[in-house]
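The chain that follows stands alone, in the form predicted alone, written as structure tokens.
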């Protein structure tokens, strides 16, 4: 049986930088308040007419392909993870297939929000292990700045999230390295704790009528912050240790942990729980905010290009988010 190995990474973020000071002009908030509660100092917002969820993913993919040293024509399959697709349908995967001018390869869209990239990585890993495909592109891309309530009413969420895209190229290998295992979980009974309720197919006609009549619609994200924080720190630790235990390893064996960039306080809590030194964890939420499905591949690309991940290093990716969903992947680089 083949193993699957990440042979290339890439990311793209919009040019527009939005600082906490910029947000102070839009809502009742302060830089100190935002940094203390989230760790975010600035984030990127897309530029209309230039950036879309799919073309940001394509730009990240092109950089990953260049990093891998292969041509797009060598790809066998695409997996695209996002919570912010351009359309109800079709999904963004086929848009990337077109933008990369590829032959009629398959494209799969994954809707697991913050855990979407690791879910997508796990799916791709199974395709490669079974021999169905040899080389797969996995993308996480998000535009969230246009779905946030940027008034004082929505500040608790609006200050956290940003836009961006990351990608990896996964390829079959006969080496004793690559993805060691992936682990995925969900708990749908808590779906309402982090959600966007409308618009939806459940009651589209009623939503349209309310909007026409000037009534309120639940079109902005809702997050029960304290609830999500409490569950995140618990599930992050669980799923990281699950991966380590399955492979007969322990936290001290890790060379790099790349957590989903949900909140800097969550990442710091997990770091303390696992007893990791500062150089064993990568955080970039300070620069980009929470880019949801894109956060792990963006961070992975940054860490790899900064020389913080090297051959034979043990790398763990971990996520937690809406669903609730959480996941991890353990990789021998």
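Residue numbers count along the first chain shown, from 1. The model shown is predicted, which means the values in this text are computed figures rather than measured ones.
Heads up, the form predicted in complex with a small molecule isn't pictured, but that's what we're talking about next.
(message) Can you work out which of 92, 160, 121, 179 has a heavy atom no more than 4.5 Å from the small molecule in the model of the complex?
(response) Looking at 92, 160, 121, 179 one by one, just 160 meets the 4.5 Å heavy-atom criterion.
(request) Please pick, from 132, 156, 219, 184, the one residue with any non-hydrogen atom lying within 4.5 angstroms of the small molecule in the model of the complex. (result) Of the candidates 132, 156, 219, 184, 156 is the one lying within 4.5 Å of the small molecule in the model of the complex.
(message) So, residue 114 and the small molecule: in the model of the complex, are they within 4.5 Å at any heavy atom pair?
(response) Answer yes; at least one heavy atom of residue 114 falls within 4.5 Å of the small molecule in the model of the complex.
(message) How about residue 10 - does it come within 4.5 Å of the small molecule in the model of the complex, if we only consider non-hydrogen atoms?
(response) Close contact is absent here: in the model of the complex, residue 10 is far from the small molecule, nothing within 4.5 Å, heavy atoms only.
(message) Is it the case that residue 33, even though its partner is missing from this view, gets within 4.5 Å of the small molecule in the model of the complex, heavy atoms only?
(response) Contact with the small molecule, yes.
(message) Considering non-hydrogen atoms and a 4.5 Å limit, does the small molecule approach residue 190 in the model of the complex?
(response) Looking in the model of the complex, residue contacts with the small molecule do not include residue 190, since no heavy atom lies within 4.5 Å.
(message) Quick check for you: of 226 to 234, 69 to 77, 96 to 104, 124 to 132, which stretch puts a non-hydrogen atom within 4.5 Å of the small molecule in the model of the complex?
(response) Stretch with heavy atoms near the partner: 226 to 234.
(request) Spell it out for me: taking the small molecule in the model of the complex, does every residue among 171, 247 and 317 have a heavy atom no farther than 4.5 Å from it? (result) No: no residue has a heavy atom within 4.5 Å of the partner.
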